[in-house]
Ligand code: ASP
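Quick heads-up: it's one chain on its own, the form predicted on its own, in structure tokens.
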């Protein structure tokens, strides 16, 4: 089956602003490849950068980078070993989007280690964008993915401890999502986002990570963006899409992230009690980030070097 184009480019092609492709403030990136990733997952960047350095494409790189984190049983936020929901079930969400606007996602997926690769299969092998729950699992099994109990001893123990008093958890207690944006040697952009979600969430809860335009968005003519933090609030502002559209208007990646977060701050009377972090990459390879509160770490790989950055919250 052919891939499904989620957003057509013809409309945008008629209205691309001159500041990007005319007397440009934004030039084509001559220092490709570039990767930006939420939080401190150096192995993910290493794997993705290795693919890009061998002239691999951006979508393969972000999938491979996220798979490394999903397979780490010691990581309690992503993939196998993720902290479960209130019923002790590990449920996973993931999405991918490529340079042509194709995308795929899975939500509420259980007993499959690599949701990012299942999302890729949804994109590549179906006419759909999103599969959820039992349907997503059935599809994964049909594509050769194996059933696997994702609840490790470590996460099971943490869940049983939580059951004793059922303390209300919030997303800034567990920074749960890896989002990765990449640009390859051809200048093409892609992104992936994968998570175990909010620890001890209600059974059936889905956050922003598998929702195209919320947890992840890629426009190959402008840039890309992705999110981490309280997914419900990211969904309300179509966060990643908003960041990309702000870059289209001329904001830098950092400014676009900050401007999007300002809407959240305004909507919560200036003092939200949760965390959201955005990362963004412009077509020329410039990257940026911003978060609501406290601080937020992100990794950038550029010119074959990887560096960890910390950004302070807009409000404290």
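Numbering follows the first chain given and starts at 1. The shown structure was predicted, so the numbers you read here are calculated from the model rather than taken from an experiment.
We do not show the form predicted together with ligand ASP, though everything after this point is about it.
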Problem set entry | Contact residue in the model of the complex, chosen from 229, 115, 239, 191 - any heavy atom within 4.5 Å of ligand ASP | 229
Problem set entry | Proximity to ligand ASP in the model of the complex, single hit among 108, 145, 159, 198 (heavy atom within 4.5 Å) | 198
Exercise. Might residue 209 be said to contact ligand ASP in the model of the complex, defining contact as any heavy atom within 4.5 Å?
Worked result: yes
Exercise. Would residue 176 sit within 4.5 Å of ligand ASP in the model of the complex, counting heavy atoms only?
Worked result: yes
For this session: Considering only heavy atoms, tell me if residue 205 and ligand ASP come within 4.5 Å of each other in the model of the complex.
Result: yes
Exercise. When ligand ASP is placed as it is in the model of the complex, which of 96-104, 81-89, 230-238, 126-134 ends up with heavy atoms within 4.5 Å of it?
Worked result: 230-238
